[in-house]
Ligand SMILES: Nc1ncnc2c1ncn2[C@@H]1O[C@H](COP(=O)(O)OP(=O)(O)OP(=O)(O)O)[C@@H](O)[C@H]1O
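There is one chain below, alone, in structure tokens, taken in the form predicted alone.
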Amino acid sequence: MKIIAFVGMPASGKSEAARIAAEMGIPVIIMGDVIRKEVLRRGLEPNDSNTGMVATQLRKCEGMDAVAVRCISQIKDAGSDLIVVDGVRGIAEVECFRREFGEGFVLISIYAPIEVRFSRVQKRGRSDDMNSIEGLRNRDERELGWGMGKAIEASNIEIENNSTLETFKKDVIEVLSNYLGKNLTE
């Protein structure tokens, strides 16, 4: 089994890369859905403040790898030799996945400058998005506090996402294609 996880700062392109993977027929597990589900379970409005608060509380109460731990059963139940995980947020999650899946775990970081990321945030319109570049900086700091910087440094591959969507899509397909059709038990 090969697990390919995307890591990167907010709005760097992780979800877009996961969407491309899904278009290629690769099952996708979205780590942020664990948090969004918990926000709704608690009866909270799914905005950036509540989502961040719940994510921080989960990590404080259950450990910094709490979201990864909650995703492992979904990954195993997916029934595929190749799975993409969208949204690693910290080094503890990387370590959790590496303990569980060993060399079958590949981490891909996606990089985009903050100005590019903020313009994307303004266009995508998710309920948990920020409405100012300062809000994005605050979210960056929150996620860096979870070990995001160390997770990015631990990546096996980096994809730059500071050009067109077409260029990014080509780059993602090129990287993911390296894992399709191989003997994934190696």
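We call the rigid core whatever largest set of C-alpha positions still superposes within 1.5 Å between the two forms. Quick caveat: nothing in here was measured; it's all calculated off a predicted structure. In this text, residue numbers run from 1 along the sequence as written.
Although it is not shown, the form predicted together with this ligand is what the next lines describe.
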Region of this chain that lies against this ligand in the predicted complex, out of 156-164, 64-72, 50-58, 32-40 [heavy atom, 4.5 Å]: 156-164
4.5 angstroms heavy atom contact with this ligand in the predicted complex for V172: no
Contact test in the predicted complex: M9 vs this ligand, heavy atoms, 4.5 Å: yes
Non-hydrogen atom contact R126 with this ligand in the predicted complex at 4.5 angstroms: yes
Threshold 2 Å Cα movement between this form and the one not shown for G32, core superposed: yes
